[in-house]
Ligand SMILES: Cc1cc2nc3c(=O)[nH]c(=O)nc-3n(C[C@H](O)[C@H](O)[C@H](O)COP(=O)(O)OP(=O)(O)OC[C@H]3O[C@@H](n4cnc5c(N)ncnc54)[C@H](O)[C@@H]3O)c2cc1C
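A lone chain, given as structure tokens: the form predicted alone.
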């Protein structure tokens, strides 16, 4: 039986491992930290299972705001000027990828099949893992002050429509009925009923890894450092605990994937889009009935198992810089302003802040497929803002590639060769 080593126990790695097992492979999961732990992007994301997340992070005109990004360290997208020399090549590609509507459309057409139907797929997997209660299929809603603010984002919604995303427009009166705790400054909503959410992404990831172990996968508590390749074939994965014999490997190590990919011939422009969240722990009495994204906050707001979570912000500062907790405080303050029924005298320990690393490529698309120098080593990383929602079909694609079958979706847009 061929042995597959999956490098990384985030949600993408967990899905890859489960699909490798279903294809009849012996599987080991190599991960130095706790699956679903607070160190992982899979723990702290925005919780959305959003088939509508087809718009690249940068869109036409974003480049004009670069001076603002540099000047405002607390804006929704900020660039640490000290880190700018290192980030500049990545940032240039990031801005170029969405510089025209045609490029935004190309991005959407590529990624839409990866995200389509994701809530139902996740629900089935979560049920098998015994955590079906964590996956909900109640839609998600973008909220605006008025219809004019919605129309200001016409390009994004036009592109979504072209790739099959449907929505329902919610006028002020219905919005009040649906979201009675929401501040009255919001008077218009766009409900995407095909969306879902996960109320504990970290717990979900841990459950998926546990399911893989129950099916026979072995856990290796080590960090991958490289590969031993002989005659073009993989022989072993090198790690901090020594060599692990392997016939195949999957690089699913999130932000730590770049140096591993380079060892097998792929120089992927991967950068951390540092994201933050703030959670109001427990029940404060005011909350959204549906996951929301306020247009003025550029954040996702979801009621989770732990409490009310606001997630967002993009900070380009590398993986070594200390967190700037003022960015999490902005999310907290926006949460309080969006739900005026929340108490204003909450003690500091009622809020929990987190910062993590979205592994993002310049064009916002993940890297999925065989490496350049060894077909036995597969890539499954770089999902940026779509790691949770895109993980299920990514895992299925990896399973198909391991079995030498054609995947259910076109993986050509995700090839590392595009760089």
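Only a predicted model underlies this, so the values are computations on that prediction, with no experimental measurement involved. Positions refer to the first chain, counted from 1.
The same protein has a further form, the form predicted together with the ligand, not shown here; the description that follows concerns it.
Chemist: Pick from 27, 54, 368, 388: which has a non-hydrogen atom within 4.5 Å of the ligand in the model of the complex?
Modeler: Comparing distances to the ligand in the model of the complex, the residue within 4.5 Å is 388.
Chemist: Exactly one of 189, 291, 275, 119 has a non-hydrogen atom within 4.5 Å of the ligand in the model of the complex; which residue is it?
Modeler: That would be 275.
Chemist: Looking at 94-102, 220-228, 282-290, 161-169, which stretch has residues with any non-hydrogen atom within 4.5 Å of the ligand in the model of the complex?
Modeler: In the other structure, the partner sits against 220-228.
Chemist: If you check in the model of the complex, is residue 70 within 4.5 Å of the ligand, heavy atoms only?
Modeler: No - in the model of the complex, heavy atoms of residue 70 and the ligand never come within 4.5 Å of each other.
Chemist: Given that the ligand is not shown alongside this chain, does residue 47 nevertheless sit within 4.5 Å of it in the model of the complex, heavy atom to heavy atom?
Modeler: Residue 47: contacts the ligand in the model of the complex.
Chemist: Going by a heavy atom distance of 4.5 Å, is residue 60 a contact of the ligand in the model of the complex?
Modeler: Answer no; every heavy atom of residue 60 is more than 4.5 Å from the ligand in the model of the complex.
Chemist: Determine whether any heavy atom of residue 256 comes within 4.5 Å of a heavy atom of the ligand in the model of the complex, and answer yes or no.
Modeler: Result yes; residue 256 sits at the interface with the ligand in the model of the complex.
Chemist: Hey, which residues along 3-34 are within 4.5 angstroms of the ligand in the model of the complex, non-hydrogen atoms only?
Modeler: Residues within 4.5 Å: 7, 8, 9, 10, 11, 12, 13, 30, 31, 32, 33.
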